[in-house]
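One chain comes next, on its own, written out as structure tokens in the form predicted alone.
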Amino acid sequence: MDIDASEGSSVAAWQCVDVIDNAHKRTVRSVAFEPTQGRTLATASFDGTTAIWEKGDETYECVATLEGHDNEAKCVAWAASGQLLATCGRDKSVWIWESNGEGDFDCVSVLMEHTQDVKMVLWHPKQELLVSFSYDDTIRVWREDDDDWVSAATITGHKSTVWGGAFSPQGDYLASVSDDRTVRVWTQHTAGNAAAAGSDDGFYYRPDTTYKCVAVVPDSVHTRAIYSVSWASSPPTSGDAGGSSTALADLGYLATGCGDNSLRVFGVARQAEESTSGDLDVVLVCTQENAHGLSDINCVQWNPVYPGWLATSGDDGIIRIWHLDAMT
């Protein structure tokens, strides 16, 4: 299997169609499109604000500025409904905002349980369940309770900063990446029922639920901190009819971006049917060294519509588009 930046020459070339100048006073760390209409963009900045932009007839217009973080805002994320927005920052807080339409937002909760800065927030793809990743080495799961938001669970296991994560497309599993050079995959574990781990119930919240690690990519694979992970919506194969690639990755593919300058792709698969542990197999299938020259890879993101297409960004200031060839 190869990663080739030149694949897909028949696809139309990328072009910049709009630029938002002077959007913030400092670095813009995160951007996110509203998922239901796609005409609203949220941007989080080191100036401590989150700006909301709506597409007008000719360009994007700022319709709201969300203030509250004491300093750097690190990430912004929309819930699947488009009604809720989460931000996090260096001030150790997670803020949840509710959209009332026409650029009007209310802060509905400020969550302060993390003890160090929060690197990323991520919504579950199918329910209003929020996950945050922190410098305090933990992952927290948040849920709504009586018109407020509370910490439903604290997931531990990483030995250093947790930079971020990605849900599997159906929300059954959560992958996380860390400064400890490991990738971990989590799912729910209902007390008193070991067989529930990795079941079709998925990564949901219930009062008797904890979260279990069902796979670990050891620290011998990546040689420096892992900054980003993305989970493909389907195996990037073409013309495969249940062959080896499907067996290798029946749960899709993970891509990781790392401080060792390498892009890696892993196949994720359920273990044999006779296994009752619920554990998964995560197998390295491709490595692209120096994907951004000698620069760290800060972000990886699979295309959610076209399998096999992947975008990466690095410290070199370049965005690269890759295509993952089908396995033979």
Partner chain sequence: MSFSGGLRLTDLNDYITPGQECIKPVEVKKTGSASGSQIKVDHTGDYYEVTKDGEETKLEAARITLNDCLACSGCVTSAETVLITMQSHHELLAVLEENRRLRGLGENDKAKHVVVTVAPQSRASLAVKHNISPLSVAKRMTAVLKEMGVDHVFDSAFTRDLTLVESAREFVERFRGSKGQMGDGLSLPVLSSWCPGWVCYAEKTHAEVLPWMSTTKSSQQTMGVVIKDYLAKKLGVLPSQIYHVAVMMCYDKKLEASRDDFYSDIYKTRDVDCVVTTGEFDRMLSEAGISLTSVPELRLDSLFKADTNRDCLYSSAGTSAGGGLEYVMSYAARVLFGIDISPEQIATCGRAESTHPLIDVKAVRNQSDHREISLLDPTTRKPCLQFAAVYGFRHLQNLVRKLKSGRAVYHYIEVAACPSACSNGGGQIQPEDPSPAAKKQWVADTERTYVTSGEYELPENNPALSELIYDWFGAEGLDSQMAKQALHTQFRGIVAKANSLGVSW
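Residue numbers count along the first chain shown, from 1. Please read these numbers as outputs of a predicted model, since none were measured by experiment.
Omitted here: the form predicted together with the partner chain. The next part is about that form.
Although the partner is absent here, Asp91 is a contact residue: one of its heavy atoms lies within 4.5 angstroms of the partner chain in the model of the complex. Put simply, Arg39 is far from the partner chain in the model of the complex: not one heavy atom of it is within 4.5 Å. Mapping the unseen interface onto this chain, Asp250 falls outside it, with no heavy atom inside 4.5 Å of the partner chain in the model of the complex. For Thr138, no non-hydrogen atom is located within 4.5 Å of the partner chain in the model of the complex, even though that partner is not displayed. Just one of Trp163, Trp97, Trp123, Tyr173 comes within 4.5 Å of the partner chain in the model of the complex, counting any heavy atom, and that one is Trp97. Residues placing heavy atoms within 4.5 Å of the partner chain in the model of the complex fall in a single listed stretch, namely 110 to 118, out of 110 to 118, 179 to 187, 253 to 261, 217 to 225. Residues of 113 to 127 that come within 4.5 Å of the partner chain in the model of the complex, judged by any heavy atom, do not exist; none qualify.
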